[in-house]
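The chain that follows stands alone, in the form predicted alone, written as structure tokens.
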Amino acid sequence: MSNAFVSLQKLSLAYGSNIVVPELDLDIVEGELIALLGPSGCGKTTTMRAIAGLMAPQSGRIYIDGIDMTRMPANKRGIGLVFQSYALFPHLTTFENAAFGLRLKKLPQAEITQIVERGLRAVGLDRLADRKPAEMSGGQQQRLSLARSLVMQPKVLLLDEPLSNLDARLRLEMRAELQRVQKETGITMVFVTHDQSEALALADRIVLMNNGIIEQIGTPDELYGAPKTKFAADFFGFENIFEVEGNTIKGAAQSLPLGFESTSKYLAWRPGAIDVGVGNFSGIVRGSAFAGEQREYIIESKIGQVHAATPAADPSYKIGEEIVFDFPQDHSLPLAR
């Protein structure tokens, strides 16, 4: 067994005969905020459910704080859960929603009051203790859902897509709130999301999952700046991924001279790295979109579809217009696989 606070060892998870996670090994350090990131169906929520004790693994072990929790009931694991749906009691006040779990533990009223008041202060809701959920904004309801878990003093807090029901402004506010609460309390958090921007903004480390396996794990800087595989590169914005052989770039129907020699089998470029208006490649603009500080293009070329982006102040190209472009060597990312 490892010295990690949460350790998943050769964990295999399935729904009936459908194996969702074939074999997963993951160590989480105490006080760390880990993001399980990936598209729908990649196994991230299933992994979270196994940690919580909401599903039994086919094989493998789950350790929390040095204790084997693999067959331990969910209510004995010391796990806090915050879901996408807030699941608040509409007839209870903020205070009573937060106190609900503590009352089930039959703690003295004075202790409940002290713990709940501290928990509501931690999420900035101490002045709304008498309000009911219908009288609160979506962000306030989500903070109450967070407080309800925190007052139970869990060993690990699991959050399953908790920000997906919020609008863009509230999501930004709640990201900052989660970071603040996590740093102040030192609680170990596992944050499940399909949104790369959330994972990059929040996590100490990101676990990128694909078809039930860990595609890559590392800091936000590492995954954003140096993805190692085609899947990871595409997920983090390297939308132009091509097979290369020597100084030739291969398309679906045609191969063309690349202009430089490569020892990697695959090279990737972000849209903003494509040189537009210069170069030896040409194509037809099939899509054009203004995106604030930049203009985004989809170009149909002899080697396939190319995604490019230019500063909004640069000359623009219309749909159907021919455009020249290039793949600069100094902005290319070699991929290991």
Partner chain sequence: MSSKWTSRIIIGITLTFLIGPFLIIILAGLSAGDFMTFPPDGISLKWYLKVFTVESFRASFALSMFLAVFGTIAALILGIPAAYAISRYDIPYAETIKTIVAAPIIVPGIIVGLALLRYLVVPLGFTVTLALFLAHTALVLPYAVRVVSSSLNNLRGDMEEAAVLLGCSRIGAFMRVVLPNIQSGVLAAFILGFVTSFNQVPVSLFLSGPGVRTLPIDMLSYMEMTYDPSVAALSALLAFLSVIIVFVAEKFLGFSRYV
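Numbering follows the first chain given and starts at 1. Predicted model, so just to flag it, every value in this text is computed and none were measured. Just so we're on the same page, rigid core means the largest C-alpha set that superposes within 1.5 Å between forms.
A second form of this protein, the form predicted together with the partner chain, is not displayed here; the remarks below concern that form.
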Candidate stretches 190-198, 148-156, 203-211, 222-230 - the one whose heavy atoms come within 4.5 Å of the partner chain in the predicted complex: 148-156
Listed residue (Leu104, Ala168, Ala134, Ala110) with a non-hydrogen atom within 4.5 angstroms of the partner chain in the predicted complex: Leu104
Interface residue in the predicted complex among Lys183, Arg71, His91, Arg127, criterion: non-hydrogen atom within 4.5 angstroms of the partner chain: His91
With the cut-off set at 4.5 Å between non-hydrogen atoms, does Phe83 touch the partner chain in the predicted complex? yes
Although the partner isn't part of this model, could you tell me whether Phe260 comes within 4.5 Å of the partner chain in the predicted complex, counting any heavy atom of the residue? no
is_contact(Ile79, the partner chain) in the predicted complex, heavy atom dist at most 4.5 Å: yes
Is Asn75 close enough to the partner chain in the predicted complex to count, meaning some heavy atom within 4.5 Å? yes
What residues in 38-71 sit within 4.5 Å of the partner chain in the predicted complex, counting heavy atoms only? Arg49, Ala52, Leu54
After fitting the core, Met209 CA displacement of 2 Å or more between the shown form and the other one: no
Once the core is superposed between the shown form and the other one, does Met189 show a C-alpha displacement of at least 2 Å? no
Please check if Lys155 moves between the shown form and the other one, taking a CA shift of 2 Å or more relative to the superposed core as movement. no
